[in-house]
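Only one chain comes next, encoded as structure tokens, the form predicted on its own.
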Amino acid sequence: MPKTNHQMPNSSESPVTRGPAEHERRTQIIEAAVRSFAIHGYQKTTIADLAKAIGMSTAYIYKFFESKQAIGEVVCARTMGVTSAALLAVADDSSASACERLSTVFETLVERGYDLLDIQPKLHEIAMAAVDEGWASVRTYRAELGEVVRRIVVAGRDSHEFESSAAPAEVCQGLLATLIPFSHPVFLRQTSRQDMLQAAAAVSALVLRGLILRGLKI
């Protein structure tokens, strides 16, 4: 690896990408990373492996990405972005009640996590690294989950399904805290899909009992 004056990013910094955002070589690097991470895992993939896969030098890859983590961030963000988009679609589904949307968010979060684990278990490893090392992509994903929660809370209050005496920020913060465990890669690996779905249903029902106005049934 060539020496560089740049420090490796820590948990409070975003890894650096370099060069033009839209570039054929950048796309090739990312695609090679997805393939290698899926086959060999994130931890066992090196910059040299990616360089060899696309026929370029390691120095050339460093023209676009500061580190392997910077590449991993892009791959991770894309994967998490698919889930975020699905959850935002649930949050904005005006054909469902706010209660139904919240329950569906819990279920969708679990199903998406296990789909990735079942189909591409090695690629799931990158989520483990992202959480363990506090990657920026994880912080972005949690902010997107926060937006999903906010939209549902607003919808529930506007439709008078949810009580409105508590401060919205506190409600959203509490709801987000109940969602996070159901997207955590360690919990997904240690628990069966069915058990996790049952737990998600139980937690969502408990949360809704605290949110809904008296007289409404879930």
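All residue numbers are counted from 1 along the displayed sequence. Every value quoted in this text rests on a predicted model; they were computed, and no experiment measured them.
Another form exists, predicted together with another copy of the chain; not displayed. Remarks below refer to it.
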Handout entry: Among the candidates T46, S57, Q173, S159, the residue which, in the model of the complex, approaches another copy of the chain to within 4.5 Å (heavy atoms)
Key = Q173
Fill in the blank from the handout: With a 4.5 Å heavy atom cut-off to another copy of the chain in the model of the complex, the contacting stretch among 35-43, 65-73, 165-173, 49-57 is 165-173
Handout entry: Non-hydrogen atom within 4.5 Å of another copy of the chain in the model of the complex for each of A96, S103 and R112
Key = no
Practice task
Would you please decide whether R193 lies within 4.5 angstroms of another copy of the chain in the model of the complex, comparing each non-hydrogen atom pair?
Solution key: no
Exercise for the section: Check whether Q28 has any heavy atom within 4.5 Å of a heavy atom of another copy of the chain in the model of the complex, and answer yes or no. Expected result: no
Exercise for the section: Mark D132 yes when one of its heavy atoms lies within 4.5 Å of a heavy atom of another copy of the chain in the model of the complex, and no otherwise. Expected result: yes
Practice task
Give a yes/no on whether V154 approaches another copy of the chain to within 4.5 Å in the model of the complex, heavy atoms considered.
Solution key: no
Handout entry: Residues in 175-192 with any heavy atom within 4.5 Å of another copy of the chain in the model of the complex
Key = L175, A177, T178, I180, P181, F182, H184, V186, F187, Q190
